[in-house]
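Next up is one chain by itself, shown in C-alpha cells, the form predicted alone.
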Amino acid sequence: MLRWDRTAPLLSAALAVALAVLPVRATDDETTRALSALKSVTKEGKGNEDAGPAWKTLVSKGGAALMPALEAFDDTNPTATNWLRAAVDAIAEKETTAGHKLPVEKLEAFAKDTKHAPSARRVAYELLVSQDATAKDRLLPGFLNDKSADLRRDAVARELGAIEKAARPSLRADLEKLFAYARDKDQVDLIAKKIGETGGAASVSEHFGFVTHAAVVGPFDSTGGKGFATAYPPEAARDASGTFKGKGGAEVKWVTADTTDKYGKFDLNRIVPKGAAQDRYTDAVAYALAVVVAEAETPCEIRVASATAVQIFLNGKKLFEREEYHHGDALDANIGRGVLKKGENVIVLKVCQNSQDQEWARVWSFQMRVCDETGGPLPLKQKITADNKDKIVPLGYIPDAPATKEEKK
C-alpha cells in the first residue's frame, strides 16, 4: 500500500497530454535533463510545463533509465516523486511488454538499501516481486523494523499470518514481539486485540507514546484569527504556574486534565472552564503543557492531531506551526522534530479555534504523542500531578478504571 501524494490525479491528466503530443527521442544527456526537470516540479505547479516532455523523454529510454529514475526519488518532493513513480511504472510496463526482464538483482539491492528514499525502495520491491515470486518470503522478514512505513506494514502483515498459522505454544510471546514492530493504527489495534485473546495485555496508548496528562490554560482571544500570531505568556511556560489575562479580560489559570482515551484525545470544549450556559468557545486559543522525562538526550518527533491550527514548542523552542482550520484530525497530521534533553522536558501545544459555527467546525481538541522517526515508542516517562503530588509514569499511561460496585462485591 504505497502512500501517494494528493496531486496524483492531476499528474495522470498531464501524462495523458504528454503521451498524445510528443515524439520519442532520447539520449543519455536527455535522461539527465529529464530527471532534473521532473525533480524540479513543485506542489504549487512550478515546473509542470517542462515535466510532461521530460517524462516522455525518460520513458523513451526504456530499461536503461529505470534505476536512475528510482535513485532520483532520494532528494525530491512528493509531487516530483509522483512524476518519477509514474515514469518508473511506464518504463517497467514497456520493458515487460517487450519481453525484457527487469534487473532483479539491482532491484533487490536497491530495496534493501536504507539509504534510498522509502518510497523508491517500495517501488523497487514491488517490481522485484512482479518478477520473482520468492522475493516476499526472502525480503519481508528483514523489513519488520524498516524505516519505510509501507515495507514495514507488509512485513508485519506477513509475520502475523505466519504466527497465526503456526499456532505455536509461544503464540502470546510471538504476538507481543510483533506488536513492538507495528506502526499503523489498524495493525496495532488488531495485534493488541489478539494479545488480549491469549490472556495478555498490550497498551495501545503506551505503544504510541500518547500524552495522557496535561495542564491546560485558556481561553485567550483569537478574534479574526489574531491569536495564532499572538504569543500569549503560556507560550514560554516552563511549568504550570501563574495566572493570566485571558479572553475578555477574565483571569485564567492552569487546570490539570487527564484522558482515558487510548488514542490520547483531549476535548478542549470540555476542559477549558466556561460559563454554565456555554457549550464551546469560538475565536479562542488554549495551551496544553506536558512534562516528558528522558533518561538521555533523545531525538524525537512530537506528533499532533487537531482539526484546527496548532503550534508545537519544546523547552521554549517552536518546532512546528500550521494555520489551517477544520481540515480533519488525522493521526500524526502535524509533526515537530526536536531533541529531548536528559531529564524533564516541557512540551507546550498551542491550539486555536476560529469563529465557524457549523456542527463539524465545533470540534476543538488535540491528540499529542512523542515517538521516534518511525512512529515507534521511545523509553520515555511523563510527569503527572494528582492530589498535589507529582508522579513519574510511563508515557501513555492510563490508570485502571475504578472498580464498579458489582466488581467490589
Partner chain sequence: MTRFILTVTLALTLALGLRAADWAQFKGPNASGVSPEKDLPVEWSKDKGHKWKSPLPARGVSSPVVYGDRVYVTCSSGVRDDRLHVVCFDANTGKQLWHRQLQATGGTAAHPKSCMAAPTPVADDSGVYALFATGDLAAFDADGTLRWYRSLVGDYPTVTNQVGMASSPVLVKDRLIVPMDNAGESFIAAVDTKYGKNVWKAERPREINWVTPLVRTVGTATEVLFDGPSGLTAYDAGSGEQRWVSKLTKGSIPTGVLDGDTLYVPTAGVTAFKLGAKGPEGAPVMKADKLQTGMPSPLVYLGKVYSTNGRGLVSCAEVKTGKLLYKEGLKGAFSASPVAGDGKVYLLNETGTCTVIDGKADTFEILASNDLGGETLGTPAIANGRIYIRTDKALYAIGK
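Residue numbers count along the first chain shown, from 1. These figures come from a predicted structure and were not determined experimentally.
Note that the form predicted together with the partner chain isn't included here; everything after this is about it.
Taken together, the three residues Lys56, Glu93 and Ala149 all lie with some non-hydrogen atom within 4.5 angstroms of the partner chain in the model of the complex. Of the candidate stretches 150-158, 250-258, 170-178, 235-243, only 150-158 contains residues with a heavy atom within 4.5 Å of the partner chain in the model of the complex.
Only one of Glu71, Asp221, Glu324, Asp132 lies close to the partner chain in the model of the complex, with a heavy atom inside 4.5 Å, and it is Glu324. Taking a 4.5 Å heavy atom cutoff to the partner chain in the model of the complex, the contact residue among Val293, Val339, Val104, Ala333 is Ala333. Of the heavy atoms in Arg121, none are within 4.5 Å of the partner chain in the model of the complex. Contact between Gln356 and the partner chain in the model of the complex is not found at the 4.5 Å heavy atom cutoff. Mapping the unseen interface onto this chain, Ala86 counts among the residues with a heavy atom inside 4.5 Å of the partner chain in the model of the complex. The closest non-hydrogen atom of Gly52 lies within 4.5 Å of the partner chain in the model of the complex.
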